[in-house]
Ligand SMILES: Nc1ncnc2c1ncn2[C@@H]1O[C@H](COP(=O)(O)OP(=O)(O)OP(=O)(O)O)[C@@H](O)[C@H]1O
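Starting off, we have a lone chain in the form predicted on its own, written out as structure tokens.
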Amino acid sequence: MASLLELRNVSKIYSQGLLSREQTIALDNMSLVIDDTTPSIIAVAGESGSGKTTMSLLALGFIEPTHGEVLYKGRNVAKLSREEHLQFRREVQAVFQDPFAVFNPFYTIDHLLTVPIDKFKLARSKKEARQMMEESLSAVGLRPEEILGRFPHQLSGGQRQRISVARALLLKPKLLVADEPVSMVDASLRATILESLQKLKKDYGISILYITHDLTTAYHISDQIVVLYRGAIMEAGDVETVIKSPKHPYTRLLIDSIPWPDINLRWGSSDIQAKEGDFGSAKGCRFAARCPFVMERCRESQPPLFKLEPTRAASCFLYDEFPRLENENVSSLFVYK
């Protein structure tokens, strides 16, 4: 499988200060490959503090890993030449959570879209640049005549978020890293934005790394899913398999936290043993302090990823009769459609 982007045994560790020996492991030994030939949508899900955003920043090359490598077409992102880095910046684009923070309020939307066109020399004339802007806005369901010439504060949050997607689309990227792209817009607009993301995959062949805490949207938009907790992978595989029949206790807890429109279903029936902030032993399973099935060995060592099915793996000693996932690389579970 040809790889566009690869996280190879990547860890990110933050220290508490110059004189402190305390450390926070934001991401621990993460391996993931994004295919260069078949577009897909991979969800990275988990609650706040699970390492989702750290992973997205590493994938974008905004921060460097403490251990491991981030590879773009087989080359370490930190060691790319100027030309290679420019190509990386064009092919790996981002859409962030806050649809307003990325805009300069003193410039019109035209300026926002013109900057990448000029920087990457995408158009030979102003007329061609205008045509490109109109096409990208139309592709995400916006009317160019209603958007161009206006300032960010004159638009809704949903419009601004779709403009961010349109701006990325101008560069014809191969990968879009979308970090919580619908968490700050109205519920009525989420479906529109998610539909735009799916259209990018279907019509333009763009893969998407979809960072989210919302398993409902992850289920509807994604092909595969990686569930993180405190920087470690708990479960991964085909999204249909993982969401409909979760195996790891943490995934079950997340699923149980989803309110269903059925008064006969009890919301929050899973037992949570630990209080918030009780993380237990650092050397054992990250979820041990909250797990209703915890064993002594869970507190002593971190469980590896066990391959439960061809398209699913879980990091839990409840499944130690299953084979270990080779190289701990969850991408081997993904079936590209």
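Please read all numbers here as calculations on a predicted model, not as lab measurements. Counting begins at 1, following the sequence as shown.
Here the subject shifts to the form predicted together with this ligand, a form of this protein not shown in this document.
Of the residues Asp36, Glu47, Glu300, Glu69, just one reaches this ligand in the predicted complex with a heavy atom at 4.5 Å or closer; this is Glu47.
Contact between Thr24 and this ligand in the predicted complex is found at the 4.5 Å heavy atom cutoff. In the predicted complex, Asp223 stays away from this ligand, with no heavy atom inside 4.5 Å. Under a 4.5 angstroms non-hydrogen atom cutoff, this ligand in the predicted complex lacks Asp238 among its neighbouring residues.
The closest heavy atom approach of Thr54 to this ligand in the predicted complex falls within 4.5 Å.
Along 150 to 173, a non-hydrogen atom within 4.5 Å of this ligand in the predicted complex is carried by no residue at all.
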